[in-house]
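In structure tokens, one chain follows: the form predicted alone.
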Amino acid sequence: MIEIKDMKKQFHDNVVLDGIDLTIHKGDVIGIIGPSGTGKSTLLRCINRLEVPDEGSITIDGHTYTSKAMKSREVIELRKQTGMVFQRFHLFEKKTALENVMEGLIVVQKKSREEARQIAFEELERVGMLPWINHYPKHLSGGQQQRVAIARALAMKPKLLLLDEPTSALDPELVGEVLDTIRNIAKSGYTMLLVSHEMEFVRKVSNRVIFLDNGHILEDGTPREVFEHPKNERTREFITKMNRLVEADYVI
């Protein structure tokens, strides 16, 4: 079980996270939705310590990491357990797909090249990228690069996989292949937090959905509860607006 308690983050006068409490059970796939600029990505970055929270803690399997100054080894240990997939792929341009996935295994986990190679093969196969293992990022499509980035995160065997708008930088025709990859990972039992504006996908892949607005969790329930029977008026407004946008795109 993973627990986030009283997580707060403020940039100057802008309060982005205002006391987030969240319990995540093993195998949960939690979709995080809400307006742009409301703290969704910041929440993931604070969990992964890419942003330092002002207050709060995260507990993973009984070990608590606080917002107070952490030693570098503690940050590394936390990041080992919280794999991150970014909007942009952040691959090493001068390394092949295989080498990109191997890198963290060798540098962070201190595995031998042979063991790292075997794990990288397995994860690239999981995301359907074996035919391109010797290709460099510049020779891969955006969807393929994102699948390599997902394989890289999975290779570290994290307790929690964080996906921050994983399709937002992709051309529309490439979105499907990445969503299919995430759907298959979810089915395999990974614990995931997914920030996405792909409402229908969030609805289908998640077992829980959180609506985040102005630094607060206003709704936390099953996809059916949140999308069809939201309790909060702000959630209803957001869902209605998103549905209208989808309908407008369909008409066009």
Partner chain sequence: MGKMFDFGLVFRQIPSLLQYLPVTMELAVISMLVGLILGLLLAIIKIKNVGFLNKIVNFYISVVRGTPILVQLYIAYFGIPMFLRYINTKLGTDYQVADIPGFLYAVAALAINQSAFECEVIRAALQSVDRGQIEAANSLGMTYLQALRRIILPEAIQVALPSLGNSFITLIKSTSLAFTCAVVEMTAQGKIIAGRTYRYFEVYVSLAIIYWVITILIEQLIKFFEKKTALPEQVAIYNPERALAAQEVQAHD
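Positions refer to the first chain, counted from 1. No experiment lies behind these values; they were computed from the predicted model shown.
Keep in mind that the form predicted in complex with the partner chain is missing from the display, and what follows is about it.
| task | Mind telling me which stretch in 185-193, 63-71, 47-55, 209-217 gets its heavy atoms within 4.5 Å of the partner chain in the predicted complex? | result | It is 47-55 that comes within 4.5 Å of the partner.
| said: Using a 4.5 Å heavy atom cut-off, which residue among Ile133, Ala116, Val175, Leu161 comes into contact with the partner chain in the predicted complex? | reply: Of Ile133, Ala116, Val175, Leu161, the residue with a heavy atom within 4.5 Å of the partner chain in the predicted complex is Ile133.
| said: On the criterion of a non-hydrogen atom at 4.5 angstroms or closer, are Val205, Arg224 and Leu245 all touching the partner chain in the predicted complex? | reply: Per the other structure, none of Val205, Arg224 and Leu245 touch the partner chain.
| field | Any non-hydrogen atom of Met156 within 4.5 angstroms of the partner chain in the predicted complex | value | Contact with the partner chain, yes.
| Gln145, heavy atom within 4.5 angstroms of the partner chain in the predicted complex | Outside the cut-off, so no.
| query | Quick one: does His90 come within 4.5 Å of the partner chain in the predicted complex, counting heavy atoms only? | reply | Result yes; His90 sits at the interface with the partner chain in the predicted complex.
| Does at least one non-hydrogen atom of Asp180 fall within 4.5 angstroms of the partner chain in the predicted complex? | Although the partner chain is absent here, Asp180 would stay clear of it in the predicted complex, with no heavy atoms inside 4.5 Å.
| What residues of 83-113, in sequence order, lie within 4.5 Å of the partner chain in the predicted complex by heavy atom? | In sequence order, Met84, Phe86, His90, Leu91, Phe92, Glu93, Lys94, Lys95, Glu103, Gly104, Val107, Val108, Lys110 come within 4.5 Å of the partner.
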